[in-house]
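This document opens with one chain alone, in structure tokens, the form predicted alone.
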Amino acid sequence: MSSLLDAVVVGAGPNGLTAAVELARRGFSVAVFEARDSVGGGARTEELTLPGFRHDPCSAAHPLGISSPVFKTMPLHRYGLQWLHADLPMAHPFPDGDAAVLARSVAETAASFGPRDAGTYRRLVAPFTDRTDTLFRDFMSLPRTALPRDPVTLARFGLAGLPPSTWLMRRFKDHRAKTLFAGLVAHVMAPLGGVATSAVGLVFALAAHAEGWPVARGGSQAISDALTAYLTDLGGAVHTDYEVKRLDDLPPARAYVFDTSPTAVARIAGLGHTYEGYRYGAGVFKVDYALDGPVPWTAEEPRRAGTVQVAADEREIGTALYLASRGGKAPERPFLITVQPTVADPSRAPEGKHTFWAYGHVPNGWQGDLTEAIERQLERFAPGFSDRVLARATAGPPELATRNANYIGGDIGCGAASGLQLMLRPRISAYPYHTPHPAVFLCSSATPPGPGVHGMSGHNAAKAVWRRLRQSG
């Protein structure tokens, strides 16, 4: 590999692979280098518990994956990627046996909130439900990577999404709508009162109504494998088990694109204190389960859902997030995001068995064990859950950071999604994918539009790269 490459990508997560694909299909020569012995980043699948039980160590449900503007331009289905849907994208049970749902249908979702909030919810999402394709493309291409196709809808979304979610939730009268929406916002692991947190909840809700919250058949690894196969067919190369400690470890190239944390790119590329002010957020404690049967939810709706949010009300969610983000301790009653992939994809486990995962929020770098608190919380909403457990695999912040170097302190979002850093990351700049080194770019979820398996950070960074390459001849 002595000849000069157009681009080298460091890190074979979904964003790194997407950046490589976008450059390769525009005729640039590309090679990807991954420290682990397989591709995937946050989209992997492994047998973590027992033989035959296939678990996703990080991302499992993919509302932003199926809705991704860049994935929709790629023939990933030809390379084995198939989306599978549960009857309901998401459910949120309550201790009294009731539940609210996020369904594909706006009407079904609104009805689950009760008569006092059904109309409010329909009015909230009505301006966007017929325009999600262009809205997601415009929203996820910010800042300055593409002109908006529908600036009026984008501006309207901005007006609805910029206020804190606590303001938006005041429109609702009852706890069901407030709690479900608070749980949607909590997917970014930041306090509910932050600026633009309303936009987070709206994006997840609109994604469910537009495309659903599916899983990938066989596991999230299928997404990464499809991207890798497509890249290979385009002439790109992928090298695994190749740790990069400095730029000199890489072959000569006109551009270097990093699917890493800002901390890592600064160290490897010698960028000094460029990202010194970048903040990492709360960590998570995750448990993967092999189960002898389905989760015994008291409510009927979560038995049919791919994702289940677990907390009694919005106050419990807010307290858990505050303690993990700012209070410096793990909550006694953690808010749980859980996914039960085998509801949609029985191939993940032996016949009659199930895989299931749950995580709760903890302070960054926390070294305790949240397993007992997680299972106490699950038993409130699914009595007898513990009796179904055949095996479990736990991972707190230290283990998560060891598995994936981007998860500093267990922060699976690769940076705190609060304050200005929710929108302007990794630093305040109109060119977030550029670094002070003219040949070095950043494409990880530390850049807009942020966390999630959607590839748009990689796509946006690739645009910056190919413009620079064309300018330089």
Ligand SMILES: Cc1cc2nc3c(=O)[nH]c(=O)nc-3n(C[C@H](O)[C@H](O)[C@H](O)COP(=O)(O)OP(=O)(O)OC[C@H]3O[C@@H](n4cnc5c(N)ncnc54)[C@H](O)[C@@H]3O)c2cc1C
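Sequential numbering from 1, following the sequence displayed. Predicted, not measured: the structure shown is a model, and the values here were computed from it.
Just so it is clear, the following notes concern the form predicted in complex with the ligand, a form of the same protein that is not shown.
From the list 353-361, 193-201, 289-297, 105-113, the contact stretch for the ligand in the predicted complex under a 4.5 Å heavy atom rule is 353-361. Annotated contacts: G16, A61 and N404 all touch the ligand in the predicted complex [non-hydrogen atom within 4.5 angstroms]. Residue-level contacts in the predicted complex: of V21, M456, V10, V465, one residue has a heavy atom within 4.5 Å of the ligand, and it is V10. Contact with the ligand in the predicted complex, judged by any heavy atom within 4.5 Å, is made by just one of R26, H437, R36, R427: R36. Although the partner is absent here, T179 lies well away from the ligand in the predicted complex, with no heavy atom inside 4.5 Å.
Taking non-hydrogen atoms only, P451 approaches the ligand to within 4.5 angstroms in the predicted complex. Under a 4.5 angstroms non-hydrogen atom cutoff, the ligand in the predicted complex lacks A416 among its neighbouring residues. The shortest heavy atom separation between A255 and the ligand in the predicted complex exceeds 4.5 Å. Although the ligand is not shown here, in the predicted complex the stretch 248-271 places heavy atoms of D259, T260, I268 within 4.5 Å of it, in sequence order.
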